[in-house]
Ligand code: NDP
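Just the one chain here, laid out as structure tokens, in the form predicted alone.
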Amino acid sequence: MMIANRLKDKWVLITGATSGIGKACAEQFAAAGANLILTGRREDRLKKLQITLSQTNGIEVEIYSFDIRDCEACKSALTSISHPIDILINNAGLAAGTDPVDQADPDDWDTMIDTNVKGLLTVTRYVSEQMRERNSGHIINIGSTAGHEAYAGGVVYCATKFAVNAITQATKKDLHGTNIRVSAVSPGLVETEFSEVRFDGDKDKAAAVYKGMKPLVADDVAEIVLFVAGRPDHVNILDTIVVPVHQSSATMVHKSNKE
């Protein structure tokens, strides 16, 4: 109840809101009474979310469909928003491929860097400017355990998530002395569309990642994002690392042979 009281009627911008953690965040913030600004590439999904969440929760929901890698599209959308953005959840991100550095596709590198790093920076650039003018706001970046520990086959994905970790820390320092909070939530294995995207739509490969263990689900992470956002204004949680109980590091995952 206390969290809902603090978030009610606030405006929350969520990138990558059409699936996974972003969609779960939209649902949970809507249930807490926050108004939403949702972005993503799949306009049909955004429209469905807009209708469902507004009707179910009695809140306002605005949607903007664009590719976060397109800097001009980002700028155009963000500068056209008339509401003060109280909370920014930088969720949009992906992994592409698991090839070693000497065999990887540079196009995959561009996709990950442009989305996970440059896209996040572009959104933060224009939203943080508005927040500084009001001297209030909260930026929450969705990081990863891959931003704390690198692993083989993830050379560029890990690099992008290390960048998110650094961006979070540097943004807090850039905004030092203001009332703007900056946080990250860094999950381990979460069963969403993430692995399907990473394996180019191969559902069997994606399912094998989680076989023999119980991964996190999107709602687990969204609950933590909601908690971080719902702290009193003087409390800033800089980072939160969350993993399933059978994961102890990026590479240590206990799997049972039982089906």
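Quick note: we count residues from 1 along the sequence shown, nothing fancier. Keep in mind that what you see is a predicted model, and the values were worked out from it rather than measured.
Keep in mind that the form predicted in complex with the ligand is missing from the display, and what follows is about it.
Student: Would you kindly say which of Val117, Leu189, Ala159, Leu175 lies with a heavy atom within 4.5 Å of the ligand in the model of the complex?
Tutor: It is Leu189 that has a heavy atom within 4.5 Å of the partner.
Student: Tell me which stretch of 123-131, 175-183, 68-76, 101-109 has a heavy atom within 4.5 angstroms of the ligand in the model of the complex.
Tutor: Looking at the other structure, the answer is 68-76.
Student: When the ligand is placed as it is in the model of the complex, are Gly137, Thr171 and Ala229 each within 4.5 Å of it, taking any non-hydrogen atom of the residue?
Tutor: No.
Student: Would you classify Ala92 as touching the ligand in the model of the complex, given a 4.5 Å non-hydrogen atom cut-off?
Tutor: Ala92: contacts the ligand in the model of the complex.
Student: Would Lys211 count as touching the ligand in the model of the complex under a 4.5 Å heavy atom rule?
Tutor: Answer no; every heavy atom of Lys211 is more than 4.5 Å from the ligand in the model of the complex.
Student: Indicate whether the ligand has at least one heavy atom within 4.5 Å of a heavy atom of Cys25 in the model of the complex.
Tutor: Residue-level check for Cys25: no, no contact with the ligand.
Student: Check whether Lys47 has any heavy atom within 4.5 Å of a heavy atom of the ligand in the model of the complex, and answer yes or no.
Tutor: Result no; Lys47 lies far from the ligand in the model of the complex.
Student: Between 137-168 and the ligand in the model of the complex, list the residues on our side with a heavy atom within 4.5 Å.
Tutor: Those in contact are Ile142, Gly143, Ser144, Tyr157, Lys161.
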